[in-house]
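The form predicted on its own is given below as one chain in structure tokens.
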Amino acid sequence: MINPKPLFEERMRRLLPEESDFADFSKKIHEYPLNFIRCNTLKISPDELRQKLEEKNWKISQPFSGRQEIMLIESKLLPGEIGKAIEHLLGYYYVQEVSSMMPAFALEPKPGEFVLDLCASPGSKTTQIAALMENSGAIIANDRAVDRIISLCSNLERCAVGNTIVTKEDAIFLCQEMGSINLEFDKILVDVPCSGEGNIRSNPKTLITWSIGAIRQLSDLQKKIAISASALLKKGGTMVYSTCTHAPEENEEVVSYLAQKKGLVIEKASLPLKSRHGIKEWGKSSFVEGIENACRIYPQDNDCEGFFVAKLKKE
């Protein structure tokens, strides 16, 4: 067990002021995460996949009645067994933590739409968006590093995604270039690089590398990326901003800045997971009206990783 740094603990106590709530959080982050997968409906139905997996004597549950593609493997499997299974290699499912599925559900991409996934690798959300779009319309999926692009393309191919153009570019520069030729998108997902406070269960070393300086630097970068992306949104379009961290500087502060600068409206997203309202203030900062519509996902509420999701509309 890795002990959190005192400043991290102090900040989480401010976010979770009830002692029992903070105690539940502190306990949950030291438990290994559950084994969630997402059925790739471009290749197989949830019922067919469940049958195949149960024939392997895997115990499968589908905990969300309205989202049958979300599956929980309850069996105790050998290390690497989920990733090595033939059903995974064939692209029948994607190994994806359940909270990571929430941004695409909030985005609600529809068949035939034009979608931008700005920070796309390794492709979990891109492949999910493609499935929700039934492989129609078009997605531009971008990332800036070659190794990340390789992972992205590999997963797109494995999952039979056929409506996606992959670009390798700095996110801010790409947005400027697309803006110069007046490209506009129906939906934009901005799942930005972050401090990863929500992923402690799967990556305990986050508690070692955590620093307030990194959070502030990331917040500045996130604002630049989000502002650049918002310029490409059609009137009436939807943009989802998401992180896998709890830090308000990377969450409410960025969304508040974006809403104020671009006049976007923060809407309430309908998610299958339990979420809490966005916070209205942090330290000396007060956030824009509507920030309470943002969704904070905590590990102790859903037995999952932590996440933040905000849905913004250009009216």
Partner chain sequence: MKIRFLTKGKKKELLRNLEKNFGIEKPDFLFFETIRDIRIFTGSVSKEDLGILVKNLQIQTMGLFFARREGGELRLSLDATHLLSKKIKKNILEISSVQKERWMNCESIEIEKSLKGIFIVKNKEDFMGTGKALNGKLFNFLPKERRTGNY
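Positions refer to the first chain, counted from 1. Owing to the predicted nature of the structure, the values given are computational and were not obtained by experimental measurement.
There is another form of the same protein, the form predicted in complex with the partner chain; it is not shown, and what comes next is about it.
Item to complete: Classify I70 as contacting or not contacting the partner chain in the model of the complex by the rule of any non-hydrogen atom within 4.5 angstroms, answering yes or no.
Response: Because no heavy atom of I70 falls inside 4.5 Å of the partner chain in the model of the complex, the answer is no.
Worksheet item: Applying a 4.5 Å heavy atom distance criterion, does N135 contact the partner chain in the model of the complex?
Response: Residue-level check for N135: yes, a contact with the partner chain.
Discussion item. Can you work out whether T164 and the partner chain are in contact in the model of the complex, taking contact to mean some heavy atom pair no more than 4.5 Å apart?
Written reply: Contact check for T164: yes, within 4.5 Å of the partner chain in the model of the complex.
Worksheet item: Does any heavy atom of G236 come within 4.5 Å of a heavy atom of the partner chain in the model of the complex?
Response: Result no; G236 lies far from the partner chain in the model of the complex.
Worksheet item: Exactly one of L156, L189, A171, V192 has a non-hydrogen atom within 4.5 Å of the partner chain in the model of the complex; which residue is it?
Response: By the 4.5 Å heavy-atom cutoff, the listed residue in contact is L156.
Worksheet item: Considering the partner chain in the model of the complex, which of R201, R144, K223, H88 comes within 4.5 Å of it through any heavy atom?
Response: Among R201, R144, K223, H88, a heavy atom within 4.5 Å of the partner chain in the model of the complex occurs only for H88.
Discussion item. What I'd like checked is whether K43, F114 and I181 together line the partner chain in the model of the complex, meaning each has a non-hydrogen atom within 4.5 Å of it.
Written reply: Each of the three qualifies.
Worksheet item: Pick from 96-104, 156-164, 223-231, 205-213: which stretch has a heavy atom within 4.5 Å of the partner chain in the model of the complex?
Response: Going by heavy atoms within 4.5 Å, the stretch is 156-164.
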